[in-house]
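This document opens with one chain alone, in structure tokens, the form predicted alone.
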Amino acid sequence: MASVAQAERPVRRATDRGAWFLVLPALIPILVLSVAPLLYGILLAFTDAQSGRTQATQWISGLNFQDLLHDTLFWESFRIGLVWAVGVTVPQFLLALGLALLLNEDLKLRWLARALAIIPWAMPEVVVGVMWRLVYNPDAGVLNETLRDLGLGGGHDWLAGLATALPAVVVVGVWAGMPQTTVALLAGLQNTPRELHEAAAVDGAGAWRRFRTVTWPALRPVALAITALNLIWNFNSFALVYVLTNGGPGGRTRLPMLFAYEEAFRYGQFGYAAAMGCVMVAVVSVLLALFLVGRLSGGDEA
């Protein structure tokens, strides 16, 4: 037995080397474009790096993080970012679920409806932002014109109002991100065997009961994955809000990414902005882990 095991070791090592050789072309771009910048950003957070300075960058240990603890503007932007992420993700999922259930039915021109449903996904965020700025335009926007025609007023500057700016931006975020959630949920629905629905219908189960006992258990892993990804994507949003409001009015829509961008490229505080990025990554990772553990443990108990 020992001789057989010794004979298998060179073969296993050769197989491992061959596997690494096959993975290497995909691994190198990840290391160069993702891991290396991440490590450099973490290193930068412990320095006083600034733009335009003639002196050499100094190692200042955790001074940037100490300043962040007392930076009320940053933590306010962090709160706004959490409100934005949850406020976009929840309705995004609910509307996408309803649309996916509708598109999963055997309807006429279903292929056309599916194609139209993913149009917002194909549009760049900058284009989406410019388009919705025109929709919200206080003078000639579609929204205000419709309100005027209905006798409900009009002329309100939705993106400049302190009370309406964040809800208006959330609506755009939901509209722009719903297609990708719909596609993911629709793929999960199509993988659910129809025989299970037919058997439940024969047993007298109604539409809600079939959804609760057949559809949702099969769809739950996809729903969990896409919800977690949407939370990350929405919290890290930048281009859409930047084009719509640039963080205004009065910082009411200044997401953490916008705050870090301003610190780095408007004020030149690269080290301080890198520390912000590290804090955002750490906090979001903890919140996401708690969310996933809660959802998974809840599913196990069910």
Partner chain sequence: MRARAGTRAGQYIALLAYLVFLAFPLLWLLSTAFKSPRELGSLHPTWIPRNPTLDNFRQAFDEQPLLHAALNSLLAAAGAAVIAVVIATPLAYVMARRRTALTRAATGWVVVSQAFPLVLVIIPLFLVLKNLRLIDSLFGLTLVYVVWALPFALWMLAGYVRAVPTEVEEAAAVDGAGRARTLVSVVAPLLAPGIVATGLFAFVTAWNEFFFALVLLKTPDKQTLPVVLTHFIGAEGVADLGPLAAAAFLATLPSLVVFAIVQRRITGGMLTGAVKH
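Take the two forms, find the largest set of C-alpha atoms that superpose within 1.5 Å, and that set is the rigid core. Please read all numbers here as calculations on a predicted model, not as lab measurements. Residue numbers count along the first chain shown, from 1.
Omitted here: the form predicted in complex with its partner chain. The next part is about that form.
Trainee: Taking 4.5 Å between heavy atoms as the contact cutoff, choose which of A218, L147, M131, L162 touches its partner chain in the model of the complex.
Mentor: The residue from A218, L147, M131, L162 that makes the contact is M131.
Trainee: Go through L73, L224, L116, V86 and name the one with a heavy atom inside 4.5 Å of its partner chain in the model of the complex.
Mentor: Partner contact (heavy atom, 4.5 Å) among the options: L116.
Trainee: Answer with yes or no whether G154 is in contact with its partner chain in the model of the complex, where contact means some heavy atom within 4.5 Å.
Mentor: Heavy-atom contact with its partner chain at 4.5 Å: absent for G154.
Trainee: Would M257 count as a contact of its partner chain in the model of the complex, using a 4.5 angstroms cut-off between non-hydrogen atoms?
Mentor: Close contact exists here: in the model of the complex, M257 approaches its partner chain to within 4.5 Å, heavy atoms only.
Trainee: If we define contact as a non-hydrogen atom of the residue within 4.5 angstroms of the partner, is M178 a contact of its partner chain in the model of the complex?
Mentor: Yes.
Trainee: Does its partner chain come within 4.5 Å of any heavy atom of P193 in the model of the complex?
Mentor: Answer no; every heavy atom of P193 is more than 4.5 Å from its partner chain in the model of the complex.
Trainee: Indicate whether the candidate residues I60, L82 and L287 are all in contact with its partner chain in the model of the complex, with contact defined as any heavy atom within 4.5 Å.
Mentor: Checked in the model of the complex: no contact with its partner chain for any of the three.
Trainee: Could you pull out the residues of 233 to 264 that have any heavy atom within 4.5 Å of its partner chain in the model of the complex?
Mentor: Heavy-atom contacts to its partner chain in the model of the complex: W233, N236, F238, A239, Y242, V243, M257, A260, Y261, A264.
Trainee: Please check if W121 moves between the shown form and the other one, taking a CA shift of 2 Å or more relative to the superposed core as movement.
Mentor: It does not, since the W121 C-alpha is displaced less than 2 Å between the shown form and the other one after the core fit.
Trainee: Following rigid core alignment, is the displacement of the W216 C-alpha between the shown form and the other one equal to or greater than 2 angstroms?
Mentor: Where the cores coincide, W216 shows only a C-alpha shift between the shown form and the other one that is less than 2 Å.
Trainee: Once you line up the core, how about L102: does its CA shift reach 2 Å between the shown form and the other one?
Mentor: Stays below the 2 Å threshold, so no.
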